[in-house]
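Take a look at this single chain, the form predicted on its own, given in structure tokens.
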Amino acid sequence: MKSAPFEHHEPETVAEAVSLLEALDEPTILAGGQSLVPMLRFRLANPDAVIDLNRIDELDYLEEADGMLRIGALARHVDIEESALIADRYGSFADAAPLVADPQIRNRGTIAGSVAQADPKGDWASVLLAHDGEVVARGPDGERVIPADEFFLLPYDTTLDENEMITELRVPTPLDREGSAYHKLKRKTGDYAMAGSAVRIVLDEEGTIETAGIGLTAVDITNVRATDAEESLVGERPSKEAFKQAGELAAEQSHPESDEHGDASYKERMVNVLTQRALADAAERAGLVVKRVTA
């Protein structure tokens, strides 16, 4: 099946793209196109106009600046996967990148596009939540910074206005005693997550957990933070016992649905296990070694 006819616009600046968003009637944005193109092909999406961002060079970057890791709207999954900066300093990002779909999709798909899609089985939203990330949007009224905690509303629904586009994702650069990790359960290579857990911890000078962030994948109507688990970790020293309690609280706060891949109780157990394993990896990256859970 082929897509229905549509107008194809190729702006070369963000300002031009925003003008098109305001002028056209319900346009659709294309960046990597790994979600949109199949929807067009099967006519699940039938836009009158598509705004293709791929000629906007100013959106293609991955860098640290002003105390933030900044990910432009055209940065691809493979850019994260192959970045020495990411491998050295951002454990959860480095863990997540090679787990996204397959190489063909990682070569074209964008991190910002995945976040904008707001599929609760997507990986990047959980990583963004665990890192207290932000979404930067541009529209006719200028730039707006949206905390990740306030961005996701429902499956495939966000707080972006109709005439806004994501220009950047950003998270704070790591502190001295910070570690992060992402663990994901999937049926086979290329699949979406059955469950996933992104974690970030920051230790104080005595080795006590000062800050904790936990984002969960595929176990609620959106990617969500396990706030009870986060709070249980603050003030504790990294340990198998502390991580066990956090894993159990994360599982309790999840709301997975039973499907052909497993029932809800199994997925809750996986949230528990994945969270504990990710916390152990994060602690090691922060400078401490804690025994990993094996089952």
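As the structure is a computational prediction, the values presented were derived from the model and not from experiment. Superpose the two forms; the largest set of C-alphas matching within 1.5 Å is the rigid core. All residue numbers refer to positions in the sequence shown, first residue = 1.
Not on display, but discussed next: the form predicted in complex with a small molecule.
Using a 4.5 angstroms threshold between heavy atoms, Gly122 counts as touching the small molecule in the model of the complex.
When contacts are judged by a 4.5 Å heavy atom cut-off, Phe152 does not count as touching the small molecule in the model of the complex. Although the partner is absent from this view, Ala246 stays clear of the small molecule in the model of the complex, with no non-hydrogen atom inside 4.5 angstroms.
Although the partner is absent here, Gly113 sits close enough that one of its heavy atoms falls within 4.5 Å of the small molecule in the model of the complex. For the candidate set Ala101, Val78, Leu85, Ile221, a heavy atom within 4.5 Å of the small molecule in the model of the complex is found for exactly one residue, namely Ala101. Just one of Leu30, Leu69, Ile56, Ala242 comes within 4.5 Å of the small molecule in the model of the complex, counting any heavy atom, and that one is Leu30. Just one listed stretch, out of 232 to 240, 60 to 68, 35 to 43, 254 to 262, contacts the small molecule in the model of the complex at the 4.5 Å heavy atom level, and that stretch is 35 to 43. Ala65 is not among the residues whose C-alpha shifts by 2 Å or more between this form and the one not shown once the rigid core is aligned; its shift stays under 2 Å.
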